[in-house]
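Only one chain comes next, encoded as C-alpha cells, the form predicted on its own.
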C-alpha cells in the first residue's frame, strides 16, 4: 500500500481473479462463478491485458457459467439460484471437473455453497467448491485457496505412497504469464530424474491424475511464497511432505534445484549429477557461439528487476550468477509479512557472484521506480569522464516499467505480470532451456534496432 492510501497500478487482481485463473488452467475444468454480473468479464479482460493476450481456458473467460446474483439473491439468499445455474450448466457444458468459486457478495450474505455441492459429489460428479471472496487476499491467495480446496474435497486419501511420484505447483497460471513453458520445463527435468510428475495444469495432466495425487511421495512447491497453504493442507490431510524452492532459471539455480529434489527423495546421487552434467554441458554448448559477440560489443548491463518474489529472485540469480550482468535494484511487489521479507531478502544476499543489490519491498510500483531513479542518481559523479557510471542499463519487469526504462535510458523486457506488450503461448524462462530463451530475449531487445 502506498503512503497515499491506495495501490497504484497493482500487479494482481483479488482472490477471486486468481481463483478464476487457476480453475481455468486445470484440465477441462469448468469454473462456476457464484457472483454478481460483471466479475467474470472484468477479470477476463484484466487477465487478457496482463497475461500476454491469454484469455481463460476450457469454458473459462467469457464462456464461464455464473449465477449472476441480483438484488433478490442478496436479500433472500442465492443458493437456489446457484443450484439452478449448475443444473442448467450440466445441460450445455461438458467438463472433466467442475469448481464453484465464490465472490465477496455471496460470502457476505452467507450462502452455504457446500449444501449445493456435496449432494452432487455424492452422486459421483467431479465437483468441489472454494471460498474465494475477493476480500480474502490477492490473486496469489486465490490460487492457493483453490489448491487447498482441491486437496480437502477432491483428492482421494490413501496410505499407499508411490516413492517416485511427485506433485508440482507454485507457478501461478496466467499471473505468471509464462506459466505453461515454466511448468513444462520443470516437469521435463523431474521426469529425467525418473519421477512420475503431476503438474496439474499442463496438457499432460488429467483430472484422474489429480484425483490420485494424494499418493505422491513429495510435493514440490516452486515458490517460497505461493502455494504454501496448500502444501501445509496436503501434508496435514494426506501425509505428503513438501519442498519449497525458488523458480529456477538457468544452470546454477536449476542444478541446485535438482539436487534439492534428489536429496528430499533420496535419489541416486550419480543419476542426479548425470542429468545436471548433461543439461549444463548442453546449455553452455548453445551459449558458446554468442560469447565473442557478448564480450566484443559489450552486452553486459546494469539491471533493475521488478516482479513478484518468484521472478525477482529467479531473475536476479540468473543475471548475476549465470549471465554476468550487474543487478543494482530489485523491487518485489508481493504483499509479504516481515518474516517473508527477511527470507526473500536473505536469498538475494546469497548470490554466488557476491553481488548485493538494493532490495525494495513495496506493492506500489511507483515507489520501486522512484527508488531505482534515486539509486541511479546517487551513482552520478560530481565530475569525471563518464556522465553516468551505471550505463548501459536494462530494466526487467512488467509492462508498467517501460517509463522507468525510458527515464534511465535503459532497455526493457516485460517478464512479470502484467505483460501487455507481448503475446505469450508456450514460452518459458524456467530451467536450463528457459535460461537460453531469456538470453535470446534480452540480447534481441538490445540489438533489435541495429
Partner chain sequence: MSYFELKEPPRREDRLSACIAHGAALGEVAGRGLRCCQPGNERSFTQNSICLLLPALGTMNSIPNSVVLLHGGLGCGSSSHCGNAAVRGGNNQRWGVVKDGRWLSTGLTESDVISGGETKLAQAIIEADRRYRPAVIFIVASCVPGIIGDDVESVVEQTQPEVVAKLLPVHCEGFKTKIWATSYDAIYHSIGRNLLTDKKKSEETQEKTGITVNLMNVSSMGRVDELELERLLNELGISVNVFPVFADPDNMQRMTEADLSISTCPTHDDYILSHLKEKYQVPYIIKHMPIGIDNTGKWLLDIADFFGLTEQARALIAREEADLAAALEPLKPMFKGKKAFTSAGEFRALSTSILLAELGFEIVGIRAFHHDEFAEVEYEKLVKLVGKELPLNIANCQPFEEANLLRKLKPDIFLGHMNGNSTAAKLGISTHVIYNSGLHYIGYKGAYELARRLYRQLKNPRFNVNLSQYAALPYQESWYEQNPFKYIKMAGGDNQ
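From a predicted model like this one, the values you see are computed outputs, not experimental measurements. Positions refer to the first chain, counted from 1.
This next part talks about the form predicted together with the partner chain, which is not shown.
With the partner chain omitted here, the record of contacts in the model of the complex names 362-370 of 198-206, 341-349, 362-370, 226-234, defined by a heavy atom within 4.5 Å. Proximity to the partner chain in the model of the complex holds for none of 260, 302 and 411, with the criterion being a heavy atom within 4.5 Å.
Within this chain, residue 135 lines the site of the partner chain in the model of the complex, having a heavy atom no more than 4.5 Å away. Using a 4.5 angstroms threshold between heavy atoms, residue 12 counts as touching the partner chain in the model of the complex.
The closest non-hydrogen atom of residue 185 lies beyond 4.5 Å of the partner chain in the model of the complex. Though the partner is left out of this view, residue 389 does not reach within 4.5 Å of the partner chain in the model of the complex, counting heavy atoms only.
A single residue from the set 26, 405, 40, 415 has any heavy atom within 4.5 angstroms of the partner chain in the model of the complex; that residue is 40. In summary, among the residues 88, 115, 374, 356, the only one with a non-hydrogen atom within 4.5 Å of the partner chain in the model of the complex is 88.
Annotation for 313-343: the only interface residue with the partner chain in the model of the complex is 335 [heavy atom within 4.5 Å].
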